[in-house]
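We give structure tokens for two forms of one protein chain below, kept apart as structure 1 and structure 2.
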Structure 1
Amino acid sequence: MQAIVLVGGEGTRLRPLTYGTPKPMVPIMGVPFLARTMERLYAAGIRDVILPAGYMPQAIMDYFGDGSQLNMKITYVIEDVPLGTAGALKNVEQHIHGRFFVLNGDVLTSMNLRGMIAAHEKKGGIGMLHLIRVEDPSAFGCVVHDAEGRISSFVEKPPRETAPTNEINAGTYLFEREILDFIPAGRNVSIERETFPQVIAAGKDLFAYTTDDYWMDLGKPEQYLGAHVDILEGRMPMLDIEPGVPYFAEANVAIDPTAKIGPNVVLGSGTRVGARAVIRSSVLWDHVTVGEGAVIDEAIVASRVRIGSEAVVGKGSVIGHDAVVDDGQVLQPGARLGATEPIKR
């Protein structure tokens, strides 16, 4: 079976991080998120992956190459202009040979893909959508279905008061190749706003696969941080991570013994933390330098950032690649610091 991982989005809600790193390459516990997704696909027996990309594709291609190091085959199809979540599928039609998975490239979940294949084989139909229940469905696609799971309507990002259900599209689909016949070629098409409603209107069976697995869309800073807290506290299982430690440090990290780190901190490789620094609930990427007495709370700090001595990084701040926080500088809560456009490589 093949899988298509949608990796063409610009990651606007994660700026300035995504001015330096495309969203699929943003690290989760030190590993590019897409690499973790590839591992998951591999474990489900999938060896053939198609990546419709467009935003900073070179960073993805440099890391994965043709996939042979993962014992997989990776095909890249670059969109000159974004084609949308369905247009991207139509654009790779010639590479699709049969039944296929589609994954939103920013969804962290423990859902078992083999279980979904078995469920689809039992139900039949043109496709199956993984659903999850959430408190507030207004930021997602709401999916209404009957007791057998047959989907009757799909409403993308409804206002909270009008949301018909709290079961939402969790961003993993399993389709028969026939779904491609419903997508027009050569223009931007949204699978959520156009294709799903059309497929349902045509009387084709789309089934729901609702689970209560761990699930998080990593598209916003608070979700990205929240996912790390969930991994460190053991709610999202990850094979290479032992939950319960105050912080997780990669290779070549130097921490002054008087620094206070934790809970729920990730320190990327080559990071240095000075005396008396305090870091709580934050994710630092590689080669970050934290000066003496600096305080960092609930922040995301990208590669090679330098945080000066006695600087304060307020809660919810996001600091982009190579930025410098001066000695003694105080960043207000929710600050954004760093590039204001994609960084040329």
Structure 2
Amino acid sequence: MQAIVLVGGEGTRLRPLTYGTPKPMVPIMGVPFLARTMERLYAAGIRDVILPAGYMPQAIMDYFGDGSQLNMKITYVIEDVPLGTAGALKNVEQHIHGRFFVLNGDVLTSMNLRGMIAAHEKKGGIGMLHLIRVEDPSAFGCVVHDAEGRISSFVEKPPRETAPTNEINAGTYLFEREILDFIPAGRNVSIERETFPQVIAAGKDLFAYTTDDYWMDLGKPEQYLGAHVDILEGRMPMLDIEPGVPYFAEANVAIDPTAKIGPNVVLGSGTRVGARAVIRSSVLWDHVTVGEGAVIDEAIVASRVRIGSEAVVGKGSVIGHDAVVDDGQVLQPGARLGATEPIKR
């Protein structure tokens, strides 16, 4: 079985973090998110992965190569223009040989892929969609299905009070190759708005696979931070992470004994934290320097940033690669600091 991981997006909502790092390479607990996805695929027995890439693809290719170091095969297909979810699948059609998974490149979930395979084999049909239940479906696309799981319609971002269901599309699909026959070539095609309705209208069965697993869209800074809190507190299981620790530090991290770190802090490799510094509910990437008496609260700090002595980084702030917060500088809550255009690497 194969898998297609959609990694073509620019990650505009995560800027300035994605001005130096493509969204799939943004770290989760110190490891690029795409590498976490590869781990899930490997655990499910999948060794053949296709990556439709568009934004800064070289960074992805340099990290993963041909996949041989992971005992996997990786095929890259570069999109010159955005093609949408279905368009991206059609664009890699020549590399697809049979049944295949499709995973959104910015969704963190604990859903067991083997369980979804078993459910699809039992139900049959042209494909299966992973759904989750949410309290308020108005920001998502609702999926309506019968008691057998057979999908009948899709309702995009309905008002909460009129939503026909609270089950939403969770961004993991399992398809038979036949679905590619419903996708036109050479243009942007939305799988939710165009392909799925056409498949249903043609009398082909799409089934729902609804679970209560952990699920988070990592597209916004607050969601990215929230995912780390969930991992550290054990709501999102991760094999190499011990839940319940006050903070997680990678290799070569130096913390002054008078600094106060935690709860829910991630410190990247080579980070240095000075005397009396305070860091709470924040994610610092590699080689960040935090000066004496600095305070960082619920913020994301990208690689090689220097936070000056007695500086304050307010809640919800996002600091891009190589930025400098001067000594004594105060960043107001929600501040964005860093590059204002993509860094070419």
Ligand code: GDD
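As the structure is a computational prediction, the values presented were derived from the model and not from experiment. So that the term is clear: the rigid core is the largest set of C-alpha atoms that superpose within 1.5 Å between two forms. The first residue in the sequence of structure 1 is number 1, and each one after it adds one.
The form predicted on its own appears here as structure 2. The rigid-core alignment places the CA of V155 2 Å or more apart between the two structures.
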